Each structure stands twice: as structure tokens, then as C-alpha cells.
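In the block that follows, a single chain appears as C-alpha cells, in the form predicted alone.
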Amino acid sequence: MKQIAIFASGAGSNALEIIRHFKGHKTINVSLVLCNKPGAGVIDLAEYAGIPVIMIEKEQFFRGHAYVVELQQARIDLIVLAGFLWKIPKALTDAFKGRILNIHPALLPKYGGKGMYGKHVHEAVIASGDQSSGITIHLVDDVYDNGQIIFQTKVDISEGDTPETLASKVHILEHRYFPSVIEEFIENKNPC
């Protein structure tokens, strides 16, 4: 059984879709949620699903062992970043090289990097006049939004779209594709 740890900072809508997708799966299990924001909705979602939660302490994450020990003790095969807003430290990218996936709410390499998350991304896309946006699922390395792209899909931007309406369109793509791309990555492209 392959074990997934989800890192999340917010409400947890992507985490919920991943948890639902793998509930009862024969070979893949979401076994741990790590969160850096007390009170985040993802904590309640994980607890309701019976998944243990580790609250991330900033000093230990960035200057300590980055929770590598806890992840190894839980026999985690793959880390999934589902709305996790902190940069992943080198200790973690080294320990899980090629085994950390992130979803980004734009078509990388455009609109990536430090500060490019949530509404900031959608505001930049709308301001640019681009005709489409989408999602990118990629491996995580030591640079923000830089790792190998695993999957991308687009959505058209309509005249009159706002950052909020574009965010809704992108969320639909995230929920539709992220869980199945994770499954395909584990089963076919990378046996972890």
C-alpha cells in the first residue's frame, strides 16, 4: 500500500477531493495531513476522515529536520501539496526527491514563483489579457514552481471574467484532475 501525506494551509477543498478519491483504494492510502495554519478547514476534514494531522511549527520546518523523521516513520511514499503556501525546505526535497507533487493554479512557467498563489495568480492572468489559464501539476524542487511538469490542462478566459470567476473555473479543473493525476503518477509513471 502506497502512503500519501497531504500538506495544506487552507480550507482543504483539494485535500478533500484527494481523500475521497483514495478512500477504499486497494493500493493507495492518504495516511497523514500536515498543516501550518491553526484553524484551517483542512484540519477538520482530515479529522472527520480519521486521518492523523501534524501541525507544522515554522522553526522546526525551516531550520530543523522539516518533519522528515515523522514522514519516514509514517512510511510516506508521496507528498502532495494541496494549497500549501510555504516553500518546501531543502531537507524535505532531498529526502523525498521526485516524490513531492504540487498543483499550481496557472499554466507554468507563467505566473509562478514567490507570492504567486490564490487570487494573486488569477489577478495577474486577467491583467495580462491572456486568453486561457489552467492548472499545472509538477514535481517540487528547491525553486518555487520550477520542478518537472507532470500535467497541464487549460480553461478559456471569457470576456468579463474576473479573478473570482477565473478562480472558480480553475478550481473545477483542480478537483477534476488532481486526484487522478496523483493516482497515475503513483501507479504508472513513478512507483515511488
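On a predicted model such as this, the values are computed, not experimentally measured, just so you know. One rule holds for the numbers: they count along the sequence shown, beginning at 1.
Here the subject shifts to the form predicted in complex with a small molecule, a form of this protein not shown in this document.
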{"item": "Touches the small molecule in the model of the complex: E183 (any heavy atom, 4.5 Å)", "value": "no"}
{"item": "Interface membership of A82, the small molecule in the model of the complex, 4.5 Å heavy atom rule", "value": "yes"}
{"item": "4.5 Å heavy atom contact, R176 and the small molecule in the model of the complex", "value": "no"}
{"item": "Touches the small molecule in the model of the complex: R20 (any heavy atom, 4.5 Å)", "value": "no"}
